[in-house]
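Heads up, the chain below is alone and in the form predicted alone; it's given as structure tokens.
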Amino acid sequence: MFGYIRPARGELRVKEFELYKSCYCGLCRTLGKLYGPAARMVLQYDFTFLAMLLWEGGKKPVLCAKRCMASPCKKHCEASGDDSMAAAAGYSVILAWWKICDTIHDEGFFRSVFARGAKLWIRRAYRKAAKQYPEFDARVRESMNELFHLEKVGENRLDRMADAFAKILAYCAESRSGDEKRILEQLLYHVGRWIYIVDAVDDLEKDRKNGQYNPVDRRFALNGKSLSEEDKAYLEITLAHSQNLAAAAFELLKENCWSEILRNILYLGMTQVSGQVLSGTFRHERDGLPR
């Protein structure tokens, strides 16, 4: 789906990296348990981040050594013990469904064959998740329809497009209340805005080759040209702005057992990914994270 919200591997201590992997594997296990084996294909770093972010402050994860299809011979550690894991799993299935719908909408019949197969593969999981989180599904549907419309009319305001997508992640805070909800909405909004812009830059060449809409291409009226250094400087500033606002909101939240890893992601991981995407090296970098 996306996979841009990830830690800076080299800056994590060994125990923090092992803890991160346990959450990643725990989310995979939760997807399979709640929504069936097919749902595991939507596993992403972004929702590992969400599971850690929504984790109740006073709770510690229950760590268990288990085997799975990806590691049948060697046991690995999996984290469980909080409702945030179930929520992150449900949200990830719903967002994956609508992302697949977007891909089918953009790519046409022949190029979207794989996406159509994936849609059939996770249909049952999506229906179950949508029944479990109907308000979230309805809001995502509304925002995706807005994005479809803006793409259709050729919207050239990057901020307008990023806002429509950012609201989707902000909806993930709906289960909270009071100040915590307000803070999480701000944090997730700016993380969502950052994801949308990074994804648009990363997909620029692919979208151009396939004749598809790309908001960065429209914003800078590239017409087949590459991003200039001035364009990249603008994008670097706007990405850093959303990253800083997300990090500032995070510091207003109560600490939980994942806080140091979350800080690594918000302060270092996002900076690293921004630089890699803008320099065109993101797809070639190996970070040692679980696959």
Partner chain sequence: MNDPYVVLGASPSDSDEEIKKKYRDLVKKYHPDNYNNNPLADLAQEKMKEINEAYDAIQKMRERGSSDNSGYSGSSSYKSRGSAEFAGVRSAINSGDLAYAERILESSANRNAEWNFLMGSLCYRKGWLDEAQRYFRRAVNMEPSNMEYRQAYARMQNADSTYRPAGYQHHGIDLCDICTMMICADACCRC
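No experiment lies behind these values; they were computed from the predicted model shown. Numbering follows the first chain given and starts at 1.
One more form of this protein should be noted, the form predicted together with its partner chain, which is absent from this view; the next part is about it.
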Exactly one of Ala248, Leu63, Cys68, Leu222 has a non-hydrogen atom within 4.5 Å of its partner chain in the predicted complex; which residue is it? Ala248
So which of Lys232, Arg263, Lys59, Lys33 gets a non-hydrogen atom within 4.5 Å of its partner chain in the predicted complex? Arg263
At 4.5 Å between heavy atoms, only one of the stretches 152-160, 128-136, 202-210, 88-96 reaches its partner chain in the predicted complex; which one is it? 152-160
With heavy atoms only and a cut-off of 4.5 Å, decide whether Ser226 touches its partner chain in the predicted complex. no
Check whether Ser242 has any heavy atom within 4.5 Å of a heavy atom of its partner chain in the predicted complex, and answer yes or no. yes
Under a 4.5 Å heavy atom criterion, is Met41 part of the interface with its partner chain in the predicted complex? no
I'd like to know if Tyr189 sits close to its partner chain in the predicted complex, meaning any non-hydrogen atom pair within 4.5 angstroms. yes
Give, in sequence order, every residue of 171-187 that has a heavy atom within 4.5 Å of its partner chain in the predicted complex, or say none if there are no such residues. Asp179, Arg182, Ile183, Gln186
